[in-house]
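Listed next as structure tokens is one chain, alone, in the form predicted alone.
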Amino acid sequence: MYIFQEGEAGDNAQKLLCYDLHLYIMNIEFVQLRNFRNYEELSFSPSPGINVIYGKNGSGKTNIIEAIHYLSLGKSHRTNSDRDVVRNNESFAFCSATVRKANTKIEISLNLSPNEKKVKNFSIAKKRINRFHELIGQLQCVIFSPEDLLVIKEGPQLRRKLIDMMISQISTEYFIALQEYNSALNQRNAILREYKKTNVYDPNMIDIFDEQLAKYGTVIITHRARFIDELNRIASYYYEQISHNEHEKLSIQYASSLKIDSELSRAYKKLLLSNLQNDLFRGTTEKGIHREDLDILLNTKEIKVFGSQGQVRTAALCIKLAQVELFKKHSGEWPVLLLDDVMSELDVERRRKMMELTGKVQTFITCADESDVDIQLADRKYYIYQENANGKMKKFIEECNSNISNNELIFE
């Protein structure tokens, strides 16, 4: 792994600096599940290096990744319904992780109770938290799953969701602005929908919500533009390293309809006002940050249109690796990396490169077969199977791999 400094280009990055990795790495020391998906009870202590979790499809490999994702971002990466993760015929689900952060250790836990008024209850250090943003950033994770391959090929909604999840983990300001923006947007849209039924609306209320959308939209656009610029710089470097083709240049650009300057907030309000009649006709807010997109290009052409499957997969992979770098830069700690059933989607060379690049952060890799990864690079290997519909785990490798050192190289 490499960490880029501001203003640095990959070609000019020559100086290297060693430091004690264990002072900066974030890792999970203990995981516990209860009534979570197909696990009645599961607990294990993962390695701070590479953990390979393999087994047949449907055995419960991804359920472990999903639990870690819940503890990091407060939700599943697979479903929008919290009820789905509660084991059949049970009234609750529970998961927890003991997380080492720099010189401290915290326990993060989640209780899911579908039959109660408040379905999700999170605790940090055994103290229940009341605000969702208190959870974000406590356990930073980067997840790469088969769905992420669709981010490039499918519509802009998936790309916005990806960027929002990335930035929210490193900026509380962004996360809160996003929540406030979505709340104002929902209320504005409710007025527009009501107008379609009654042909009546209160312009003063529209103006109030336009003020809020402009205020929080300005924060969001500013963060997005800065983050995507950094993401582009690092992802393009990784693409060159993995593809071994200097003639292929990856580029990621923020496709915003607004110019980022001191007049941004005023321009945002003007944009909403100029489109109001169209919004009233359609019953929804057509313009704004909730409609913007990323342009992912290969040699100035849209990769989703002109790129091969291998190029699309490499681009998606490089975006995730860049995210790891940016988390380290902004938080001072390496995040946990979750690779959920993606190794089989990569060719042998890209798998090897992936293992090399991720070997210095705590990594969880799920796969259906051991042959999907270079098992010699694993620190611990777990086999997942089902017994009477209950998920079970066997651990095969106890010792740490000699390839994991205490030092890391970063760009100065």
Ligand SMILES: Nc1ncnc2c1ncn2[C@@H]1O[C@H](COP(=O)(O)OP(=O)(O)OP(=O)(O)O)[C@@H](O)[C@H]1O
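Numbers follow the displayed sequence, beginning with 1. Everything numeric in this text was worked out from a predicted model, so none of it was measured.
Another form exists, predicted in complex with this ligand; not displayed. Remarks below refer to it.
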{"property": "Residue contact check: residue 87 to this ligand in the model of the complex, 4.5 Å heavy atom", "result": "yes"}
{"property": "Partner contact for residue 37 in the model of the complex: this ligand, 4.5 angstroms, heavy atom", "result": "yes"}
{"property": "is_contact(residue 153, this ligand) in the model of the complex, heavy atom dist at most 4.5 Å", "result": "no"}
{"property": "Proximity of residue 101 to this ligand in the model of the complex, heavy atoms at 4.5 Å", "result": "no"}
{"property": "Position in contact with this ligand when the complex is considered in the model of the complex, options 215, 270, 78, 287, heavy atoms within 4.5 Å", "result": "78"}
{"property": "Single option in 51, 27, 62, 358 placed near this ligand in the model of the complex, where near means a heavy atom within 4.5 Å", "result": "62"}
{"property": "Stretch in contact, per heavy atom within 4.5 angstroms of this ligand in the model of the complex, of 325-333, 79-87, 173-181, 290-298", "result": "79-87"}
